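Heads up, the chain below is alone and in the form predicted alone; it's given as structure tokens.
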Amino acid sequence: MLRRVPFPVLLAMLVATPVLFGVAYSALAVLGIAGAGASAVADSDRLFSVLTDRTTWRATGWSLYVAFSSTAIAATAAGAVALLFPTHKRSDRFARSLATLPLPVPHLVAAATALFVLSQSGLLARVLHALGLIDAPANMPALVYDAGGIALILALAWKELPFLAVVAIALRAGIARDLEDAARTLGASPRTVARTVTWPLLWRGLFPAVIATFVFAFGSFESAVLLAPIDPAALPVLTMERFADPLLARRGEAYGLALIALGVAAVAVAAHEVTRARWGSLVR
């Protein structure tokens, strides 16, 4: 039977099966049928509590803001690296290597580094104080645990940049030079060529990686637990708090929050598929 199933379909089934099991278990847990404090009768109280709780949607909105901001910064920087340093000159190779340098750094280390550098008692505050720009390190604007999530956004953008830069650099090298040459022949300036030819082609190839990094940033727990504020809480942190709640009845809410996170990821993937289909129709 398995021999009759095409290999791509079989591979997709193998990848999707754990996700489907996770979704099913989460749905049963939020209904009180599985997990801690489970009973034989379904109860929608946990699901209703999650969906009507203002904290849920504040956490979701704040996490979306952080993920969008950090991914936008990283994608813009990655595209700039690919566009501004395309040649094999030593200076361009050095710039590209510098952009991809943080790639092997663990996310927890990146978040801890941001805490060490950007906190009000951190390295940046002490340097600014030593230069006489602020009266005391404590006068440093709050970048960590603040509602704006500045430190978290910067840490995620710094960590996402190498991955997107690697993809962007590879795409830039593969863009057909004849298209750029044709635009120049028609009188387009280098800036116009970059804006109307190179960047659209680069963005089209980079878009799937951008979606992946957005979803990852939205669900990042390590960075959020070190850098995010308590109020509003990041959705991954709120999920973990609900899961570790000593009140068993509230633990089921964590599965509801996880399903919301999965829904956001599914919407992002669907947006990618719709956009790709439109691009494909334009090509045809």
Partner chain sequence: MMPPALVPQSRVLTSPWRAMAIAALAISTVLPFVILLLQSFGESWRWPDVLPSGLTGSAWRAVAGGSLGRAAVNSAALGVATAVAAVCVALPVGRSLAQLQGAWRHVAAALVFLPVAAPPIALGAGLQIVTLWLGIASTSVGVWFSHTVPAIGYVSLLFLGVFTSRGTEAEEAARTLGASTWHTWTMVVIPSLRAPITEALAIAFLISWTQVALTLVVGGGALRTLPLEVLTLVRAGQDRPAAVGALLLIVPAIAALAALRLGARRTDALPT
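Residue numbers count along the first chain shown, from 1. Since this is a predicted model, take the numbers as computed values, not measurements. Rigid core here is just the name for the largest C-alpha set that superposes within 1.5 Å across the two forms.
In what follows, reference is made to the form predicted together with the partner chain, a form of this protein that is not presented.
By the 4.5 Å heavy atom rule, the three marked residues R58, A75 and R250 all fail to count as contacting the partner chain in the predicted complex. Although the partner is absent from this view, V81 contacts the partner chain in the predicted complex, with a non-hydrogen atom inside 4.5 angstroms. Looking at P190, you'd find a heavy atom of it within 4.5 angstroms of the partner chain in the predicted complex. Put simply, M240 is close to the partner chain in the predicted complex: some heavy atom of it is within 4.5 Å.
By the criterion of a heavy atom within 4.5 Å, F221 is counted among the residues contacting the partner chain in the predicted complex. Taking a 4.5 Å heavy atom cutoff to the partner chain in the predicted complex, the contacting residues in 246-275 are Y255, A258, A261, L262, A265, A266, V269, H272, E273. After superposition on the rigid core, the Cα atom of A24 is displaced by less than 2 Å between this form and the one not shown. Relative to the superposed rigid core, the position of the CA of A268 differs between this form and the one not shown by 2 Å or more.
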